[in-house]
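Okay, here we've got a single chain as structure tokens, the form predicted alone, with questions on binding and movement later.
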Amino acid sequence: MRIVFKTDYMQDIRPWKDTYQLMLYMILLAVVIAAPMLIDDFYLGELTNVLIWALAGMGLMVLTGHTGQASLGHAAFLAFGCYANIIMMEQGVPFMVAFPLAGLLTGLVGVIIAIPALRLHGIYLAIATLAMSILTDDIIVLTETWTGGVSGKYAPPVNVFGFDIDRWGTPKEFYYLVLGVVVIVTLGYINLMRAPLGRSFIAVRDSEVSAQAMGVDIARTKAMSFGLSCAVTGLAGALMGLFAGAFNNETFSVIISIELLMMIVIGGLGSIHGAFLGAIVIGFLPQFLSISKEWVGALFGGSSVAIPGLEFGVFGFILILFILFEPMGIYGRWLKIRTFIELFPFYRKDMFKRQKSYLKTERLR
């Protein structure tokens, strides 16, 4: 049993609990850096896809996991970041300028949308953002002059400090580009949660009345959360467009928004780890299902017939299982296992039991 004794108030706001935890993160970072030398290009592409999904998950986690504002419209911001990045690159703007600018523009659009949208709460906010995601398809078609409409656009090669990086031509370099962005955003996210603004997000999520009593500006905090969430999502959308190589109005459908929400719920709401764990499930599950169908076909002597809707059916089934039996997600289950081991035999079964429903007074109307 390993117990960490706190002897300083600064230990509560450190990025990691102790040196042991820091070493684990450094080992994990070393493994992902060495991944291109350990796996082939196919699985490296799948790992790159997982990192992009994790980046998008962190964007939604800021809003839904840490501020408590449900959103089913983040596919719209993925699309905005993707198209903004590609359009600027086509106009001659260097990638190193266009990429962060795409995230910034997406964040500004998010703040503008947040002003009316965040007057809504709960299911009504989810419906409003869902409508926005559905409208994005029509907006892309109507703005065909810029977006290419149904014909779509093709991602040009990326030039980073004089090196041309292409998802298909140079998969290892593209992987390191995505990994670098994910590491920078993750470090920024960790420090955001240590800052007063990040703590304000959590306060608003837990109780708007209590947060306002402590001096938190509810409207400003929600708008900032929506803006930061959309900015990170816009960066993920830009990388997603470069990863796909070609995209159109159907690429960023409302299904993407639903998958994003499913991803952070399965991974664990309210934790950065949850975004990565959920991305692993969303990223690798389709390949697992494909390999499983081939294995079953070979085992029973049949052919691997494509089953329409199988992937989304499995996603939905997994989501239902987590909602019923583990609302805290994969990371929540790991926390329970770790706490059980650390506190055995003094672990209490109801230690992680939470209130089943919100009090009506917990939300400002």
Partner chain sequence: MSFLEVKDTTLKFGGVTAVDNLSFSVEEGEVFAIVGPNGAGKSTVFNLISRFYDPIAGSIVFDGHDLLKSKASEVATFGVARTFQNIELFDQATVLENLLVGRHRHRGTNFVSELFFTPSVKKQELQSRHFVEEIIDFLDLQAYREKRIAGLPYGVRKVVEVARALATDPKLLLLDEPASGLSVEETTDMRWWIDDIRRQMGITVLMVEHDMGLVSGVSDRVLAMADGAKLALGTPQEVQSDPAVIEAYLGHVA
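As the structure is a prediction and not an experimental result, all values here were calculated from the model. Positions refer to the first chain, counted from 1.
Keep in mind that the form predicted together with the partner chain is not shown, yet the notes after this line are about it.
Although the partner is absent from the chain shown here, none of 156, 159 and 167 has a heavy atom within 4.5 Å of the partner chain in the predicted complex.
Among 292, 253, 191, 248, the residue placing a heavy atom within 4.5 Å of the partner chain in the predicted complex is 191.
Put simply, of 144, 217, 90, 173 only one has a heavy atom within 4.5 Å of the partner chain in the predicted complex, and it is 217. Only one of 173-181, 79-87, 276-284, 206-214 lies within 4.5 Å of the partner chain in the predicted complex by heavy atoms, and it is 206-214. The closest heavy atom approach of residue 75 to the partner chain in the predicted complex falls outside 4.5 Å. Among heavy atoms of residue 228, some come within 4.5 Å of the partner chain in the predicted complex. In the predicted complex, residue 244 stays away from the partner chain, with no heavy atom inside 4.5 Å.
Heavy atoms of residue 223 never reach within 4.5 Å of the partner chain in the predicted complex, leaving it off the interface. For the stretch 70-102, the set of residues having any non-hydrogen atom within 4.5 angstroms of the partner chain in the predicted complex is empty.
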